[in-house]
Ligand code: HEC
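In the block that follows, a single chain appears as structure tokens, in the form predicted on its own.
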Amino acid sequence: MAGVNDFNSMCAECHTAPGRVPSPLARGLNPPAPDLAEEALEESPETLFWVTKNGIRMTGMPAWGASHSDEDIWPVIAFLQVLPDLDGIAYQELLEEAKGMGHHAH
């Protein structure tokens, strides 16, 4: 549950959350940010963690490890494992349930 708030704060602006339209920032990224629901099905949690922690050069993907501990990043990776099953309503419900949880608690 903690990972949904952190995803919403750290990832959704570029990768677009379920049920939302891409932000102006997301529409302007070149190369575009991948769909993390698809990436979660294709990549291992360890690979997703490495990319989240270290970033990807020459893209808009930051190295979150510079400002977040491993313990702060793993809940986001755990959330990515359920992301493929979420629609916009389920995503909003999770955000409501997760209030006060995670590094970026709301």
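For every residue, the number given is its place in the sequence shown, counted from 1. Bear in mind the structure is a predicted one, so any value in this text is a computation, not a measurement.
Although not depicted, the form predicted in complex with the named molecule is the subject of the following passage.
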- prompt: Could you tell me if W74 has a non-hydrogen atom within 4.5 Å of the named molecule in the model of the complex?
  reply: no
- request: Answer with yes or no whether G65 is in contact with the named molecule in the model of the complex, where contact means some heavy atom within 4.5 Å.
  value: no
- prompt: Contact between C11 and the named molecule in the model of the complex at 4.5 Å, heavy atoms?
  reply: yes
message: Would you classify T59 as touching the named molecule in the model of the complex, given a 4.5 Å non-hydrogen atom cut-off?
response: yes
query: Looking at the named molecule in the model of the complex, do all three of V82, L86 and E97 come within 4.5 Å of it through at least one heavy atom?
result: no
message: Using a 4.5 Å heavy atom cutoff, which residues in 28-47 contact the named molecule in the model of the complex? It's fine if the answer is none.
response: L29, P31, P32, A33, P34, L36, E39, E43
